[in-house]
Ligand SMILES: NC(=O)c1ccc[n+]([C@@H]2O[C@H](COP(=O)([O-])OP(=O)(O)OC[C@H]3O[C@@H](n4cnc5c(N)ncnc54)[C@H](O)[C@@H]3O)[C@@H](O)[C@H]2O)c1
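A lone chain, given as structure tokens: the form predicted alone.
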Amino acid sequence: MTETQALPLPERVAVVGVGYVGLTLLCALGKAGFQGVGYDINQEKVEQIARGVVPFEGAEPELPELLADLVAQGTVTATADPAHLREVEALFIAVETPVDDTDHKPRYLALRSALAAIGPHLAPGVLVVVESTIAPGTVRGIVQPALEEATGGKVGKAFSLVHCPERVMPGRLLQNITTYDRVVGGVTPRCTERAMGVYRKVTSGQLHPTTALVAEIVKTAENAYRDVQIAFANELALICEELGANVYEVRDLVNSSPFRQMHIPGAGVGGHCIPKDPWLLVSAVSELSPRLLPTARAINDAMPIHLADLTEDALQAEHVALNNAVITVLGAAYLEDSDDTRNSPALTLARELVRRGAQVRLYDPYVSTLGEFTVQMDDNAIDGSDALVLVTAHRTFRELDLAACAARLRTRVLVDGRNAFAPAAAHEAGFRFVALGKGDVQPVVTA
């Protein structure tokens, strides 16, 4: 038996922040045999979890049933009182870490608030794991000093401190958290060992021990990599539109070459991670002036604006001015079959259409509000519209009866930002059809 395996495991654990990541982690810990409590300042969310109810919409296989079972067994509970954390031996922080819209720097309001709340209640020797994605240097520069001040002791003695960044995607949260490899970065080797003992119980994936700094860089780099690859796909989509080609055919043929794996273009990049993690990564450097990552961010941020351009051009071809048009945006969530609206490109698109004078409706079966907009959750949003603009490829939208939809519109324009509709089917339904990245789609002019 190795020294790592010999380290005692905690029995009682807590998760601070029970959103998409935190609640799933709490359930995974409970399933692995730990006694778990979720802490959150949102009382309504706490009450829902305490009743065994997942506090967010969207299809999450197995998670609702698992939560209900764990609550019924008394294995998992939730609280809004940080004093209930005094008895836990391991604590996992899973709060949001956005960047400021003006300068793209992290402010860590939720993280600092969480540290202030839990600090006075930490048990001696507690294991603290930060699962939230953070800029390189945050563990050493912010988390460690806050916990040392709160405990009056030093890391490695008064408490153990680790960064093990989450790797999850809405729609498959539980699967990801229980099967993916994890990067476990401790401030000291023993901190790493303690955390690995817990994660061995949680995931069947491989564990990769390292330092906290390397773990911080790895997670932000993972999503920066994806952002750059998506930006390449999006820029190629714009090129294909101008040249008269179909970017999805081009993508298939590019990927037929060995060692090529082009990403999928689309109406914009949303979610809590990809739009901010490149900024977290570059925020950590002062001497270097990164160029590639900010450029990729600019390309991806501009895709909803391009979708507005496509919509305006299609309406003009139908002799309808955008400032007199009613536009129905299909999708408010950033991810299909989810209610997650964080950094949704639909909000950027809606605001841009309003800025150009259009009347905008948003339709999403999972979402009721998006920013300043009220979202309709049924297809009444389609009636009398001049254009349907697909941003989120929910199954509900992919399965639309296009002919029936066309009959309910004032002007038959369909703009596809997610490669969800076949051009032939759209034309047969009577639509002027425009698709992002498909320069070979010939619009049908209606009388």
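Each residue number is its position in the shown sequence, starting from 1. Values in this document were obtained by computation on a predicted structure and should not be read as measured data.
One more form of this protein, predicted in complex with the ligand, exists but is not displayed; see below.
Exercise for the section: Mind telling me which stretch in 138-146, 266-274, 244-252, 68-76 gets its heavy atoms within 4.5 Å of the ligand in the predicted bound form? Expected result: Going through the listed ranges, the match is 266-274.
Practice task
Find the only residue in A59, V53, I41, A422 having a heavy atom within 4.5 Å of the ligand in the predicted bound form.
Solution key: Result of the distance check: I41.
Exercise for the section: Could you spot which one of P170, P304, G186, P278 gets a heavy atom to within 4.5 Å of the ligand in the predicted bound form? Expected result: Exactly one residue meets the criterion: P170.
Handout entry: Distance check, S132 to the ligand in the predicted bound form, heavy atom within 4.5 Å
Key = S132: contacts the ligand in the predicted bound form.
Problem - 4.5 Å heavy atom contact, V95 to the ligand in the predicted bound form - result: Yes, V95 lies within 4.5 Å of the ligand in the predicted bound form.
Practice task
Although the ligand is absent from this view, report whether A114 comes within 4.5 Å of it in the predicted bound form, heavy atoms only.
Solution key: Contact with the ligand, yes.
Handout entry: Distance check, F433 to the ligand in the predicted bound form, heavy atom within 4.5 Å
Key = No, F433 sits far enough from the ligand in the predicted bound form that none of its heavy atoms falls within 4.5 Å.
Problem - Within 4.5 Å of the ligand in the predicted bound form: residues from 325-351 (heavy atom criterion) - result: Read in sequence order, the lone residue that approaches the ligand (within 4.5 Å, in the predicted bound form) is R342.
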